[in-house]
Ligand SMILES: Cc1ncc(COP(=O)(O)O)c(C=O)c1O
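The chain below stands alone and is given as structure tokens, in the form predicted on its own.
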């Protein structure tokens, strides 16, 4: 690593760990928060393990208190009953979910955002925040589509159009993309006034088809099920296409599913590619999907809620090749842009796309105004764009590039540790910075090649129970954490098995911590209850 790169890395670590001087403007606000909350989080969170049922007793009263109370009393309640029992998502050993340490400046800036209490539905309640939100959308649009300066000069603040929509997360972003696609396909034409006015039944008559469908891989995020439900498409018409051995959509299987739809006279509304699947972090062949979407004439959406920021990296950007051909793209800022929860975006290649879902109200969202609320599913929204703007400005492209590169390198290193460990089995290698693995003792791995199908079908459920028990006990111990999921494994003839899932996005996670995760899991396996499963496996092998 060069001296410049090393200096950048050290500066990047500082924003996650060292607040500015208390006498600075930002530091003064930060000091007021960090002294009381952040420090407590670091030292006392999950200080005493309690069951969920026990915690529920603290929140069991259904009546609103009759009398006022002191803020200090409530603050103490929050510390002892809420903060101390919360999940320490910023801990370097918390590598199980898509949450991470936040840059320290997000704390004081969040306080400013809350104090201003701007409502982004309308310019009248967000005079400066609306232009800033439009700028953030343009910045992310440029990251994906790389249009020239004249394009953004024309569209960034155009009152009749928007480059995207800011929302609370990936679920609303995906729903917005499909809503716009549906209304574009079923827009006004001749005597048909459009689906927004006449409804789905009349739209299907207009299209002369028996239904609409969404095509996506089996690794699709569950939010898409909500979207097709809300849009009247029906969950049966969310077509989940089989994946290949690398957890990417199988193009041959996609063509088979499309042919089945044609035979039923069901029209594909959208084809969705995934850039960073939730379970394994893999990226679909986006270029191939873009070709196929053009071939069949449907909307091409990319769910890049997790993997979108990979575009910051000159080294790894190619993994998302083809995303620039998408009609719409989802990105979650509260994932790898390191903003607090509640910040998602959907970007549209065509600035006209969102006019398909435009809505107005005489008292608030009038024609010709620059209100972004006229193009959003949500109404009142906080100024979360401020925090994303802060990240983009303070961390910068090179800072995000370093974070992405570090995460991917760390995931590959963890994969090496797993493969080198005799008692673990890597199930899905990382393409980005997510991987899956499971505990499988060395002696059993040697025997598995000699076992018949019937024996394997008995052993894998027992290994599943070990995975589930270890993950549960590790979470309850509160030292380190990985999540778990179930995947169909090509290593075991497509059988569905339970696996540990690790997400390597926290810049404070070290190689020593990763080794400690495996050590703790091995220690848990030695406990009596887990050893009982091992003994059952030995009997099957014998």
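Computed from a prediction, not measured in an experiment: that's the story for all the values here. Residue numbers count along the first chain shown, from 1.
The same protein also exists as the form predicted together with this ligand; that form is not shown, yet it is the one meant from here on.
Only one listed stretch (144-152, 313-321, 329-337, 418-426) carries heavy atoms within 4.5 Å of this ligand in the predicted complex, and that stretch is 329-337. Contact between residue 267 and this ligand in the predicted complex is not found at the 4.5 Å heavy atom cutoff. At the 4.5 Å threshold, heavy atoms of residue 293 stay clear of this ligand in the predicted complex, well away from it. Taking the partner from the other structure, this ligand in the predicted complex has a heavy atom within 4.5 Å of a heavy atom of residue 278.
At a distance threshold of 4.5 angstroms between non-hydrogen atoms, residue 303 is in contact with this ligand in the predicted complex. Put simply, of 174, 126, 436, 247 only one has a heavy atom within 4.5 Å of this ligand in the predicted complex, and it is 174.
Only one of 254, 98, 203, 239 comes within 4.5 Å of this ligand in the predicted complex through a heavy atom, and that residue is 98. Along 156-173, residues 169, 170, 171 each place a heavy atom within 4.5 Å of this ligand in the predicted complex.
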